[in-house]
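Consider the single chain below, provided in structure tokens and representing the form predicted alone.
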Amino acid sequence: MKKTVVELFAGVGGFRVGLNNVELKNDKVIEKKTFDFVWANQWEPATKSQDAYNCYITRFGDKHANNVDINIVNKKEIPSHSLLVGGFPCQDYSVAQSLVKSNGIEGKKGVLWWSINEILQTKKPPFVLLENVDRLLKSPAKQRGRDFAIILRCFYENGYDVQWRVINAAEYGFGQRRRRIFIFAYHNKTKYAKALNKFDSSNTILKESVFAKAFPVKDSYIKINSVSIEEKIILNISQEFKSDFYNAGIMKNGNITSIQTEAITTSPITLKNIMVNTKIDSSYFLTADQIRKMEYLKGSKRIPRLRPNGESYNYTEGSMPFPENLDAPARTMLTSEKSINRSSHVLQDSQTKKLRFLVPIEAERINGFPDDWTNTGMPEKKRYFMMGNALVVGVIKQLGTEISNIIDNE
């Protein structure tokens, strides 16, 4: 089996950087090409400026890149591939009965999961690796677990078994406390799926899964839950399903086992290791007024507020380190980095000892990208935005090593 990849919602190429261990030297990409990327799609709606796509093609070329809304792409024209990857948005995945066809099921228009599902139906890739925010397991709040169950049912209907894990990158030696869910699906006709059938579900999750091999967990678990969607159609799941999904799990033949696991941790990269130690431009340093505002935003608060019904309550926030603890990994980086808000990182500069924001290269390092990866002509504000949307590429690199071995064994 060839290691061909289709990359959806490609952004600035995080999956490709991780899977192919990409470096950047003198603005030239060095790509080891363990995996052959045969097609990539990146489209940012509601904006004329396609900065992520432009960065992607600057680094990788436009031969196999596509800058069209994935919802209108003819899925039959996507090249066949052995691995489908993508970090898809967390949205409301609820479905409704079609008014046109009484037997049809329709998802909300514009929800990008349905484009993934269409590719599964049309191209049937043997393996799939997806990334999302960890709240996917709990959404929506009023029907906990429904959205993830819809996704699992879609995989089941298309002939896949599924593993998942919530991974905090800092627990496994990386420089950011970024917690994301990773979903690995594999067609039940693959040798890999058949080989796992000899293990029970909990043993697979704890020892034999792609996640357990790349990111080990303790042998014991905190909680376990089992549920079946084998006999449930998507419409019924959308209307009725409610269940807890823990941070690791597996679905075999529509039967789901979910376990709360504990990581076997590794010492993380710290902000001190990531910081630029050369002279920093004055534009990154906070003014006295900005420091006062940030002290308030990062401090503890107890603010009286009113609910819509007129009932009073106290809004509370705990304090945050200010400036950042340089002997710890970065917090989760958001798209609003380098703005005056509670989530922005503020460092004490190593040379001047003054307080400053992250520079773009530090934002890239926090996610494991090569220095100046996003220095492709986009506005600086967008460089931070791209890193706030990106993933920790080292996580993908480790998963890629295991997936490469799995494909070799096919």
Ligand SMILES: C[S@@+](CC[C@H](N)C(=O)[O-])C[C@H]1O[C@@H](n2cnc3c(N)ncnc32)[C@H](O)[C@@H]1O
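In case it trips you up, residue 1 is the first one in the sequence shown, and so on. Small disclaimer: the values here were computed from a predicted structure and weren't measured.
Just so you know, the form predicted together with this ligand exists too; it's not on screen, but the next bit is about it.
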14, 41 and 44 each touching this ligand in the predicted complex (heavy atom, 4.5 Å): yes
Residue 122, heavy atom within 4.5 angstroms of this ligand in the predicted complex: no
Proximity of residue 70 to this ligand in the predicted complex, heavy atoms at 4.5 Å: yes
Proximity of residue 259 to this ligand in the predicted complex, heavy atoms at 4.5 Å: no
This ligand contact in the predicted complex: residue 398, any heavy atom under 4.5 Å: no
Answer option from 369, 357, 384, 37, heavy atom within 4.5 Å of this ligand in the predicted complex: 369
Position in contact with this ligand when the complex is considered in the predicted complex, options 112, 129, 181, 275, heavy atoms within 4.5 Å: 112
Listed range touching this ligand, judged in the predicted complex by heavy atoms within 4.5 Å, from 62-70, 375-383, 346-354, 28-36: 62-70
Contacts with this ligand in the predicted complex - residues in 304-328 whose heavy atoms fall within 4.5 Å: none
